[in-house]
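Listed next as structure tokens is one chain, alone, in the form predicted alone.
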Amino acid sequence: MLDNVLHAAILATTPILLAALGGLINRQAGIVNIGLEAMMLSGALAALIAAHVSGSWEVGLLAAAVAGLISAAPLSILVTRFGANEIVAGLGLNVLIAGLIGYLLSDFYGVSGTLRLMPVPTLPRIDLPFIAGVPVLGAILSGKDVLTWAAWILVPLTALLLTRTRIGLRLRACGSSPATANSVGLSVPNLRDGATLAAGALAGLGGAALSLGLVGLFSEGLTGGRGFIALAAFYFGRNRPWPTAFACILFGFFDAAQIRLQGGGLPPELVQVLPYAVVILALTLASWRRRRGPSPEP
């Protein structure tokens, strides 16, 4: 039972982690990306269609990243070039993308809500025979798809990017003191644009982790608020990659647990709110921690 929950929790963590890392980079550059949900949704649909047409999951992942990037572009332009409120612009993007996807499904595919395309190559999973049978460890490491491995490799890489590279230091300067960054010749709008596009690409891959990695189809409610959960994760992690990753594991665990609990006789409506109740609790704790002292450097 525990091994099954752990296995499902690691897979459920992947889409949240990818989006959260993108949102974290964006936040370090000074923009709160509320549009992660839309970017995940567009990436999930693009991945499914591209994988079906090409017969290749690699092409599906590329399409997901590009779709997320394209979805992020309007948000970035509105915020950095026209001074739009990032919260309002992000919420508007979520509504816009949801509406466009509903139109595409009904007009081009003649379906409403759910799109199934056959055949669709799903993400391959990497089995590790020498540890697959080991309790707990085998459930955590073996049988995970390529995006799950990539997501966890990105955690230390993101930490290195933000703290040990010139571009990372410039992004942090844009977020902490835009006026100072401008005074030393940095282009704050360009750096923020780059961070937003990177967040879009990562969120798009998070969507692909759902459509190609977990379910093999697309539905309008596929993301289920995971973009907002990713937002909560990097706030809870105080904009640091490793604490953000652990927050994503927490949310992924409760996401997987609520599926298991539905078969245990508990009311499904009550069980389904469990991950979101955890998000509210996590945000409350994060707010309490921030009031106790300044946020440390990543």
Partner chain sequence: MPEVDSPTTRLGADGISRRFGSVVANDGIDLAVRTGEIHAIVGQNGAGKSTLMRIFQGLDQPDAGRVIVDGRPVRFRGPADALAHGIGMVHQEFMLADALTLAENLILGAEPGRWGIIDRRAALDRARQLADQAGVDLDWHQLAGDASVPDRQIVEILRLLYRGADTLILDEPTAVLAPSQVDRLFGLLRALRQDGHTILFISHKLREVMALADRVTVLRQGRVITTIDVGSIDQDALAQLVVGETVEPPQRTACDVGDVILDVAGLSVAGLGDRPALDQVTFSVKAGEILGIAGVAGNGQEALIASLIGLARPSAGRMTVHDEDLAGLSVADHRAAGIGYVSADRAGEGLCRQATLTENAIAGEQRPLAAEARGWLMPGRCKQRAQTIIDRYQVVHGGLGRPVAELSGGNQQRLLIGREIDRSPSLLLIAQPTRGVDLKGIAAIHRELLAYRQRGGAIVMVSEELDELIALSDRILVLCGGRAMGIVDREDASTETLAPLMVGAAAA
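What you are looking at is a predicted structure, and each value in this text was computed from that prediction instead of being measured. Residue numbers count along the first chain shown, from 1.
There is another form of the same protein, the form predicted in complex with the partner chain; it is not shown, and what comes next is about it.
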Thinking of T165, A173 and G185 as the candidate spot, does the partner chain come within 4.5 Å of a heavy atom on all of them in the model of the complex?
yes
Which residue among V136, L169, L157, I131 has a heavy atom within 4.5 angstroms of the partner chain in the model of the complex?
L169
Residue stretch of 147 to 155, 120 to 128, 173 to 181, 205 to 213 approaching the partner chain in the model of the complex, non-hydrogen atom distance within 4.5 Å
173 to 181
